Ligand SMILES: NC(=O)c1ccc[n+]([C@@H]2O[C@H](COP(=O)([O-])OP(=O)(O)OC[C@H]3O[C@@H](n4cnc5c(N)ncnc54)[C@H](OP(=O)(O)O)[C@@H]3O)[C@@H](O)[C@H]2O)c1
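Here's a solo chain for you in structure tokens, the form predicted alone.
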């Protein structure tokens, strides 16, 4: 990916105070991205951003982390590069509220997974979504003026936020699905800003339903193997030109 796509980029993470949002924000801020954490509570978002900045400075006293927090609406007004990292049950309601402030031409990378709790309360059952997938629901709700990509569903939030040096590299591929080449390109670039992650082009947005369903499988694998960060790797792909 060419440098201009990163120039002056601000990555807004909607639902940024949840486990996945915080993990992604930590990794991207470490990598030199400018990040805005979004939340329904702007004060909570700012406090979370300050904690992440303090953690990064404690790891590297020479670091200058560029991260702040604000209400979700303020994040949408400030940037056209957005990541949706909210539970599925809150997705539609949040997007309906934010649609008027999401700028035309924005790229929205949806990490939502439609999971329901099964017996015992574990979220291991995938829900049917009328549109086909959570990401397709996002595209329908936001309309044709916004470019939607599905990404980051299968990266472990726990591993992203881990302080264990063994988890500095994330052993996982991120499959990106979108009907918009630019959205795919931005999502793949952000994926590969996370050490160890490889981005894989998963084709059209309709394939997001398959990628989302893998999350339920990974959770089940974690439970059965007493693990916390199972991920996926796609094998036998040709080498890509450096992005």
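Positions refer to the first chain, counted from 1. Small disclaimer: the values here were computed from a predicted structure and weren't measured.
Separately, the form predicted in complex with the named molecule exists; it is not shown, and the next lines address it.
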Check, residue by residue, if 81, 184 and 202 all come within 4.5 Å of the named molecule in the model of the complex, counting heavy atoms only.
no
In the model of the complex, residue 11 touching the named molecule (heavy atom, 4.5 Å):
no
Give a yes or no for residue 87: in the model of the complex, does one of its heavy atoms lie within 4.5 Å of a heavy atom belonging to the named molecule?
yes
In the model of the complex, does residue 18 have a heavy atom within 4.5 Å of the named molecule?
yes
Is residue 193 near the named molecule? Define near as a heavy atom within 4.5 Å, in the model of the complex.
no
Among 137-145, 153-161, 101-109, 169-177, the stretch whose residues bring a heavy atom within 4.5 Å of the named molecule in the model of the complex is 153-161
Would you mind picking the one in 209, 30, 40, 198 that has a heavy atom within 4.5 Å of the named molecule in the model of the complex?
40
